[in-house]
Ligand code: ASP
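Take a look at this single chain in structure tokens; it is the form predicted on its own.
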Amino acid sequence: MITRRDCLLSPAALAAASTAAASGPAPVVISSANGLRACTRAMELLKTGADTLDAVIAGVNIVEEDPEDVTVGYGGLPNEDGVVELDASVAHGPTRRCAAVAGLRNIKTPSKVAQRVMEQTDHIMLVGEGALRFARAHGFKEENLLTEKARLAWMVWKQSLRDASGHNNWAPGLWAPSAAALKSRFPQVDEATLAWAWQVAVHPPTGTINCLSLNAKGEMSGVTTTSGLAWKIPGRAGDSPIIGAGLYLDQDVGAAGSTGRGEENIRIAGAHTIVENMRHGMSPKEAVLDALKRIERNYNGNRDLLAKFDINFYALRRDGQHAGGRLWSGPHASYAVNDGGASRLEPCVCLLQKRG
């Protein structure tokens, strides 16, 4: 319908407005803060016309193959037996399909295996030995994923364990070592690496990478991939491989993902909650804050209990609007964005403020 305002616009202005409306959203990729390079790579591929899922998987492959990121892929911190187990999920907006793998060993890029499950089967999730056999059958190379750096951290964790009396089977005598005593146990390791190993031993990290994309045609995809909680019980799966928790996407609405404390996310089906919030009119910022409030409510607002963990959410709406959210404020409360230029970090909206 032509309005009075339309009649007042020049033919050139009307043509420009029509072209803008038909051109679709501007491409954008967002990711967890460890995904600056992932966003850059994904955007490069989107600009060439690559599929949105191929783009985000190529992006996170950089992190999966990086031994310095100890929460994802190769170099990830192992389970309590010293074995690296990986989880990943993928979602493809144009076909409305998804898939996941959990507890996958010996394969650096679980995101690619999850994509192959989506493309080659009608299953949603493969786990453990079955996932490995599937990957092996499709030509994925098996490798030892435990780096020397991760092995050192695992050994330090083993020696940090104590029973109620302070006894430790991994240490000589009856007492587990302190951080200061580690140098005598590992004389060949530099002080900075030992300090890092002690930190991750007593405070197991819960990293991960989530990456979401939108192209100019309005097509969306997402991926989440992780090595999971350090020192976990073998076979433990967090939220990352669970569609609706670590990743969820509805092509008509948007996409969401998460990193951090997976158990808390599973309890509220966080990614699904965020997408449904956006479906019902919330902005991405409002949607992630609502998910964080649900976690807070599970603890009746008890700050002492909530202070024991953190969690991040990421939301990308189909019109290109996006947000990152974090339970606690802090120097690392940010997420990565690329909307066509250089990848950058943007601040997350935080539900709770740390004292001081």
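Values in this document were obtained by computation on a predicted structure and should not be read as measured data. Heads up: residue numbers just count along the shown sequence, starting at 1.
One more form of this protein exists, namely the form predicted in complex with this ligand; it is left out here, but the text below deals with it.
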Original post:
95-103, 273-281, 134-142, 259-267: which one contacts this ligand in the predicted bound form at 4.5 Å, heavy atom to heavy atom?
Top reply: 259-267
Subject >> Contact residue in the predicted bound form, chosen from Asn79, Thr206, Thr109, Asn215 - any heavy atom within 4.5 Å of this ligand >> reply: Thr206
Subject >> Of Leu229, Ala153, Ile242, Val117, the one that lies within 4.5 Å of this ligand in the predicted bound form (heavy atoms) >> reply: Leu229
**OP:** Using the partner position in the predicted bound form, report whether Gly75 sits within 4.5 Å of this ligand, counting heavy atoms only.
**Re:** no
Original post:
Applying a 4.5 Å heavy atom distance criterion, does Arg236 contact this ligand in the predicted bound form?
Top reply: yes
